[in-house]
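Read the single chain below, which is given as structure tokens and is the form predicted alone.
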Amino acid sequence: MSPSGDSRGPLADGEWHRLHPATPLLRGGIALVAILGGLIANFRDRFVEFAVGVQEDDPLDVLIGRGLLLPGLLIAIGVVGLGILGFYLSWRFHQFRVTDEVVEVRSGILFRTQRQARLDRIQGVNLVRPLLPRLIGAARLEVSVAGQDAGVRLAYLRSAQADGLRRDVLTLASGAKRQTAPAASADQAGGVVAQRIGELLAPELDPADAEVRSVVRIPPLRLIGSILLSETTVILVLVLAIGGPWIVLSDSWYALFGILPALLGMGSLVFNRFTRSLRYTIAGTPNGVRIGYGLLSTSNQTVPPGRIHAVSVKQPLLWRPAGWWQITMNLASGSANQNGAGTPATTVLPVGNRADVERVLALVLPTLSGPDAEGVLRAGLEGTGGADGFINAPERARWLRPFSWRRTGFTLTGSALLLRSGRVWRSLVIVPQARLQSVALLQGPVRRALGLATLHAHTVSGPVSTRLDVVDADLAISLFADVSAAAVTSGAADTTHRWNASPDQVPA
């Protein structure tokens, strides 16, 4: 039972519940029907020939002539019935419950499977609405926790129930109790059509938890320009510009069998990135940062406070004239953390200017703020070296990094470790001290001879690399001690795993 005074939704009462009745159809029933239809359409002649020993123009005429129409219909109905029964039993035995401590799922008919996700280890809650489930008002709820393939997935729930269950899961994970919500009026309860239209048009942000307006808006022209100037598009254009004339002039049309799949894959990647980012939104909520993506299939992910282990701000060379940047992050989850296009939801900002970067960083790293932090961020993004607040690599590092040694450096603030690198492709990596797991110094024979070392700040794995290839060895040793002490202090004082709990509820 829920604690006294706690008003949570009907799906978070600690009892076992079932998924949306259309789940079997959405999870494979449509594909099964399509496959059976294709097989029947393509192999019915062969089947009748095998069954009755002759082949004529119309198999149905053969069955009628032999008096086998009724047995054939009964066999077909039996096969369909067995399929329906299998899907029904699969749905019947697939249940979930949400208690004060875990989200638990059990499934399986002959072989039972049971998974649990501890609420105090939640790294993110993702609400995905693929196109077909959106049309019937269904959504997939994914609860990701620390660890590889350690999350649970509820596919599918009614859309309104998924929204409510996400709020309840985050509320329970935060350590706070949800306040009693006012009962819905008759007009609200009856507005099913209006609710469905709202889900189709604007599913990224839940008005109950976040401001409707995102703190960042990506203009379509900027998005198109960033895709045209991306490495993938440049490679695609070069392949077409070089490979196309070569195939025509050399009459080597067989080469299309090798080039065409690669072109289709790259083209699909570019198209998916465009459609996914058209409706990008990001906003702060009481339970963390919510990031929304998607045009046809939508996804919005809530990342609770303190779950971001590293943030990278990058600027490719072709984006520099426009002043555009991209932000990615590392999360302690490799399971259900997927966006609407089926790719890892680690992109915090697909493309944005300096002002957008500052607003997004203020959301995802609220401890990195203040006048001093603004100067450090400015130097980390656009600084070229020198006395700019970063401890840069010495001149002897030019033997290993001839173009970027002046910009390669680090600094330690009161809340984070910042690593700056790259002159052609600029990069700034920010690692919160409370998320640091360890720090390593690496030194091979070449770096030892030059008095250099490689610094590696250990966090969870992800797209953000937390390595700095060339730093002064003596300074790196000093930083090693400072970062180790700061990580222990920050980790001990960190209470973000129960971000809305009262001080007496958080263990010391």
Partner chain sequence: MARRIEVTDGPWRRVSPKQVGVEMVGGIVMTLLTALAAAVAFLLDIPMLGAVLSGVSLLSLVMVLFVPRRVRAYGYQLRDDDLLFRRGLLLQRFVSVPYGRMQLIDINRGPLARALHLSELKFVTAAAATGVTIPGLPEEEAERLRDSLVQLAESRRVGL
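Residue numbers count along the first chain shown, from 1. All values derive from a computational prediction rather than experimental measurement.
Keep in mind that the form predicted in complex with the partner chain is missing from the display, and what follows is about it.
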For this session: Please check if residue 472 has a heavy atom lying within 4.5 Å of any heavy atom of the partner chain in the predicted bound form.
Result: yes
For this session: Report yes if any heavy atom of residue 309 sits within 4.5 Å of a heavy atom of the partner chain in the predicted bound form; otherwise report no.
Result: yes
Exercise. Does the partner chain come within 4.5 Å of any heavy atom of residue 488 in the predicted bound form?
Worked result: yes
Exercise. Counting only non-hydrogen atoms and a 4.5 angstroms cut-off, does residue 302 reach the partner chain in the predicted bound form?
Worked result: no
For this session: Please name which of the stretches 429-437, 97-105, 383-391, 135-143 has residues with heavy atoms lying within 4.5 Å of the partner chain in the predicted bound form.
Result: 429-437
Problem set entry | Contact test, all of 450, 456 and 484, partner the partner chain in the predicted bound form, heavy atom 4.5 Å | yes
Exercise. Tell me, which of 359, 121, 398, 217 has a heavy atom within 4.5 angstroms of the partner chain in the predicted bound form?
Worked result: 121
